[in-house]
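What follows is a single chain, given as structure tokens, in the form predicted on its own.
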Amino acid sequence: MKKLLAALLAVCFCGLAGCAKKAEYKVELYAMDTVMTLSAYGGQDAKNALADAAAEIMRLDNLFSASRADGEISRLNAAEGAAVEVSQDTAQVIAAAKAYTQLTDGAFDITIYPLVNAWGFVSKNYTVPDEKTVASLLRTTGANNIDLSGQTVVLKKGAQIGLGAIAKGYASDRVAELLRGSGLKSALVVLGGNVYAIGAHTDGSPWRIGIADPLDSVHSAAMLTVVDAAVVTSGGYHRYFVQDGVTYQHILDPRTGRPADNGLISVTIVSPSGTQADALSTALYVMGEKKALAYHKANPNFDYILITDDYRILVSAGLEDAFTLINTEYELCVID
């Protein structure tokens, strides 16, 4: 069904009313387990650029998929310790993932894929694995289980990887590079919870990005204005299941093999890099408030919006002028 949706939507363009030079074109597709929308302003060049961008996303999805038998990640996971030659894109995203594992002291880790699978978040056959299973799978995790040399990758026997927490960020960077290279000055890339704003609106005003309210699926908690930046949100409210009255959300703590539970319910990262924003939105969610704030203080090359389960929204000072609180039930705290 997903393949059919992708085939049908990848070529679905909609030119909106307006003069030819300022018309908005859109392309929609289903890839990386989510619906994506790409929008750009211009004439035929914008339409052609969006078609190229959609094709690039589908190409990356095929490479990065852990469920497609012919995908490079699937081949790596099935290699049983043998060396596998991969594409430059796969090598680059694995290298970035390993770097963020080191930078975040293990809060971000693509080798937890077997644990994600054990909880049923891959197959959607949800279950709570027993402690013995979790402990056994934890022994196969950690970036030291990935050996990357150029475009040759070796996963230690028993280890597997999944790129769900970084692939869309990497794809947004590739799409932004492609669209800018085609001469587009105004475009918006929405890959599920990953947004990349290219330039500003054609009238010069910034893009307005809603920050979802994790406690209200209908409304936004806040609004953010951005130009030339990635905005990525991670939260347990996106995917979860309930068993025996307990809610289990899909973002796992690599140190425990269990869903992260530390007071944060949503993390949004704003950065010029979609890859960084994607990785850090997960990592800071896993870290929790105190460690997340300390991490930003030591690495202030991005901005954040943290929403806590006690109704506070923490916003880094760099976003103060771009941030508007919508749900006033939250207490707003700007952090220097």
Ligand code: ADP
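Everything quoted here is computed from the prediction, not taken from an experiment. The first residue of the shown sequence is 1; numbering continues from there.
Just so you know, the form predicted in complex with this ligand exists too; it's not on screen, but the next bit is about it.
Comparing 290-298, 43-51, 305-313, 276-284 against this ligand in the predicted bound form, the single stretch with non-hydrogen atoms within 4.5 angstroms of it is 276-284. Taking non-hydrogen atoms only, H250 approaches this ligand to within 4.5 angstroms in the predicted bound form. None of the heavy atoms of A96 is located within 4.5 Å of this ligand in the predicted bound form. Remark: V116 counts among the residues lining this ligand in the predicted bound form, judged by a heavy atom distance of 4.5 Å or less.
In the predicted bound form, Y100 stays away from this ligand, with no heavy atom inside 4.5 Å. Proximity to this ligand in the predicted bound form, defined as a heavy atom within 4.5 Å, holds among S234, Q160, T90, S172 only for S234.
Contact with this ligand in the predicted bound form, defined as a heavy atom within 4.5 Å, holds for exactly one of L264, I110, L155, V195, namely I110.
Scanning 159-190 for heavy atoms within 4.5 Å of this ligand in the predicted bound form gives G164, A165, K168 in sequence order.
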